[in-house]
Every structure is written in C-alpha cells, then in structure tokens.
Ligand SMILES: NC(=O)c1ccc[n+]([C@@H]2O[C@H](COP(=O)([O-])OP(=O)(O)OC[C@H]3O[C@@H](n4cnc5c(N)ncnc54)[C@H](OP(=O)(O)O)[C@@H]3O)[C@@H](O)[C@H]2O)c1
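A single chain, nothing else alongside it, follows as structure tokens in the form predicted on its own.
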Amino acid sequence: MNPESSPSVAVVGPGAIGTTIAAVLHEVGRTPLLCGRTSRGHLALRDGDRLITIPGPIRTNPIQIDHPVDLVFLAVKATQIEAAAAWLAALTGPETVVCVLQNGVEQLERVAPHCPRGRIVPAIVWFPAQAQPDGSVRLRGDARLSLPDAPASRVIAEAMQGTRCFVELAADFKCLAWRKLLQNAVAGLMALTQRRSGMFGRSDISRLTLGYLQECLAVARAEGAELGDEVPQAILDKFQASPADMGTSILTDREAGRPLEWDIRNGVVSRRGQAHNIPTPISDVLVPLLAAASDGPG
C-alpha cells in the first residue's frame, strides 16, 4: 500500500499500546494523528537496540480536529473512555472505524455510548509494551492484534498491511477474547502483591493461580467460549516463562496510584459468574481487594 492511498488514522491515547501502534505505522510512512492529554513533541518506542521516534505534536484539545478520519485506534484505558468521548466525537463520522485497543470482553458495550457515529471493532492486543521512566515505551515482544472476522476489521487490516504488526481476523474471536481475559485476570494478583512475573515461581502462588483460572474458565465456557482444559496451565506456564521483572499495565497503574481496570479484567468474572449461577469464591475475594486498591477510601 502506498502512503498516498492509505486511510487517515488517529491514535487516541499515546501510552504504551498507542505508541506501539503509532510506531509501526510511522515506520512504513503512515504517521498517524496523535491525540492525548499531555502535549509532547514526539513519541519514542524502544525495541531491543532500536529507537523509533514518532513525530508529533500530540494534540491535546479536540477542538483542534476539523474533520473526521477513516480509522481511530482508541488506546485509552477502560477507566478513561468517558474522558475520550470528545475525541471520538471530533474524529468519527458514520464510516469511521474505531478499533478499541482495550482489555476485557465488553469493549462494544462500554465504548458505544460515547461513540454514536463510528463502527466499533474490539481488538485483542497480544504484545507486551511498557512505559519507561524517561517517557519512552519498551516493546518486549512481537506486535500482534486479533480482530473479529467482519467487514470493518478489514479496514484495520488494510491500514496495518506491510507493518510489522501482524493482524489476525479470527472467526473464533470470542474464544480468543476470553482466553486473553483469563490472562489479564491473573495479572490482578501482581497488582495486589505489587510483584512482577517472578512471583509465579512460588508454589503457593501457582496453586492460587490455577484455582483462579479454573474458576474463570468455567465462566468463560458459560459465556460460549470453547476453551480446553489445558488453558489454565498454559497461561500459568507463560507467566512462569516470562522474565522475572516482566510487569503488566495493571501493576504499572497500581505502582503509580492510578485507578485500576479491576472491573473489566476481574469484576466481569464475578458478574458473569453470578448471572450463570457459577460459584466464584476466589473472585469474590480478589475483586473487593482490587476495587479498594483502586478506588479507596483510605
């Protein structure tokens, strides 16, 4: 695809995930419009020894937008959707595709009230990207997205064509989304302990993790996700095989004293479990603790 024929693209929320998407687009000559809360002249992505600089400026006021774009990557946290509503209003028209780069299985329900004009596509983000103290972002794996196999998803796949971010159009998107949710739910344990992936080497934590994942798996299956019995152990194996200092976004937010995405990552298991009359005893302990760690008081 030539840059001249590329769709116009905006990234709302240039954090770790948004910066990664902006960087892979910039590498192939499709630098997106950058929209966020903090004015900066550029973004920076570190991938091994490589440093990719994405030119700004970062727009900080939706009034600066005078026409809609073809594609919006919404990369704000689920706790920030309402704050991003003005950006969505300014950037979207009836044909705009809004790719929601957020955790959870409820992107459509949560974003739709704040985006009445765009075509919303949920995405599963599989790559680890972490914000660094100097403001740059460190990419610690291959960039990959999974999207539902639908017409609007093809707009996203076309925009990403030729970049080093692999885009998968998945017929089994619900299964993949719930599998990623199980992985994200376990990361809540890292936020509570304020420890990184090395903690999963402890036998007591591994037992707790497997018990929690079995609970989450039962809820996922009740929701229609066809996931096998091997999934809990495979997820634990992945955490145990990660570098001991590997963090996650919910841990980063916990360390910074920011609100946590506890409801979309953990609360959803309790809520959906209750709807299906499935006991969730571990969730019923973890969720109040995560909510208090996020929202207080105290």
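For the two forms, the rigid core is made up of the largest set of C-alpha atoms that agree within 1.5 Å on superposition. One-based numbering along the sequence shown. Being a predicted model, the structure only gives us computed values, none of them experimental.
Keep in mind that the form predicted together with the named molecule is missing from the display, and what follows is about it.
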Pick from S153, T96, S146, N103: which residue has any heavy atom within 4.5 angstroms of the named molecule in the predicted bound form? N103
Pick from H42, R37, R50, K238: which residue has any heavy atom within 4.5 angstroms of the named molecule in the predicted bound form? R37
Check all three, V269, S283 and V287, heavy atom within 4.5 Å of the named molecule in the predicted bound form: no
Even though the partner isn't displayed, in the predicted bound form is F173 close enough to the named molecule, meaning a heavy atom within 4.5 Å? no
Contact between A129 and the named molecule in the predicted bound form at 4.5 Å, heavy atoms? yes
So in the predicted bound form, does any heavy atom of V12 sit within 4.5 Å of the named molecule? yes
My question is simply whether R196 lines the interface with the named molecule in the predicted bound form - judged by any non-hydrogen atom within 4.5 Å. no
Note: the named molecule not shown here; in the predicted bound form, the stretch from 230-238, 64-72, 269-277, 28-36 having heavy atoms within 4.5 Å of it is 28-36
Mind listing which residues of 66-101 have a heavy atom within 4.5 Å of the named molecule in the predicted bound form? A75, V76, K77, A78, Q80, A83, A84, W87, L101
Superposing on the rigid core, I want to see if G247 changes position between this form and the one not shown - specifically a Cα shift of 2 Å or more. yes
